[in-house]
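As structure tokens, one chain now follows by itself in the form predicted on its own.
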């Protein structure tokens, strides 16, 4: 008998859980621990270690030890010679063409992630005493389509069928929600090793509905560790004249010391840090770092957490006073400065009776229980984090699905041909929040051919987006007159980089006014060109009809003014001229109808 388990494939640590007697429980690894470090190490003799053993030997083997693979998923591959940086920091490359080379052998982020998942699977099978072939796997809320696919690919390599991908903050809400009977509005604050996600959810009657998500895909515990490492390096250099940045081994050791000091300062006002004698030239070198110094060194990082949280509340239409609970997820939420910020924004004391390092995996197990049929009173409604659409005439972004739309979902819009007698339409699929296509992220492109040749604006092309429960996107374009169609399954290689997602949201907010004005200018130009074509057609019909000469003359003058405005490129002038032409054409059309009616009457009288 097989059982679906829940897996939190984390940046720093990974965790597995399962449902037992209607409650989620952590599956301990073979070392008897709940957390498995997301670390993979390679020996010269081809042996491989995953988890605690891999982390323990990292200082002695830094260039063959891979940390934070999840954080690199979606990031552009570093230039040649950056191998040391690759090894020390790889979750954002997932879904990219990045390759990590160790001892002449190439590994992708999918390969490394699969190794971590293999261990979780093996340990779960040993603990449960049965096969484990299916899993609910969690991903950051802001993982894009390519990164989600890559996560599924990694699971497949590990021999796991991913029955559902669940956003990490949503999974946390599922874990907490089992204890909630009445309706609640909660904010999930998820600050892990590599990313920061905020989700606003409404829970009630077994329904978990995500109202909004936001976050910072380039901020997490790793960044705090880097600041602490820099602080310690400076202290050891000043007090003991020891350079801890001189070698890969000392830099790896420095990061380990930094992580331990950060954790200690979450409960203590100061932390003594002792350097191993081998790195202190045989001397016992020790420095003391205070919580105050650490908070000062990371103040700007903590400040960056505020904007996404407030944006998520605004997108959900929720005032902080309307929140019933704030749920903390991720080890970084133990940091006092982070907790103070949460209290300042929400006015609530964080609700944290579940270990923040384990809550995501527990929530994944809850969803696994739902899919296995063991839990029938829970319904999960997630959302898509960014808008989806295609490029339209004038280089505009035509939205088909708005951000924060509940998934799974299917939406479609009708588009038309941009040129006369066009038989092929290029569909440029985009994701983002900017008004111009060029400012958004390309998910893929494809062509729909065999369209019936028609005048510009006459073809009817339906573009349908389908997002499944895992957040994976399918796009279908159909010529409604010939039923010719073309479908695209967005591939990882063409997916947007993960860093770009958070940047897209930030930039869209910063450029909202200028984007709106630019869109209005382009739309005014398109409308003006359409009016000119209509004017040419109508003036042709008016030629030789004496009773409409006055109206035709006015329309001709107005059309000339529109052409002049288009040549000048001023959006406001184009709009004014186009409005005048539109009024003239309405008057001319009315005159033509009156003339036609008069001629018809004359014909009947004859």
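Residue numbers count along the first chain shown, from 1. All values derive from a computational prediction rather than experimental measurement.
Omitted from view is the form predicted together with a small molecule, to which the following refers.
Relative to the small molecule in the predicted bound form, residues 222, 262 and 357 are all within 4.5 Å by at least one heavy atom.
Just one listed stretch, out of 426 to 434, 189 to 197, 279 to 287, 296 to 304, contacts the small molecule in the predicted bound form at the 4.5 Å heavy atom level, and that stretch is 189 to 197. Taking the partner from elsewhere, residue 334 is found to have a heavy atom lying within 4.5 Å of the small molecule in the predicted bound form. Under a 4.5 angstroms non-hydrogen atom cutoff, the small molecule in the predicted bound form lacks residue 559 among its neighbouring residues.
Within 4.5 Å of some heavy atom of the small molecule in the predicted bound form lies at least one heavy atom of residue 35.
Residue contact with the small molecule in the predicted bound form: residue 266 places a heavy atom within 4.5 Å of it.
A heavy atom within 4.5 Å of the small molecule in the predicted bound form is found for one listed residue only; from 330, 109, 146, 215, this is 330.
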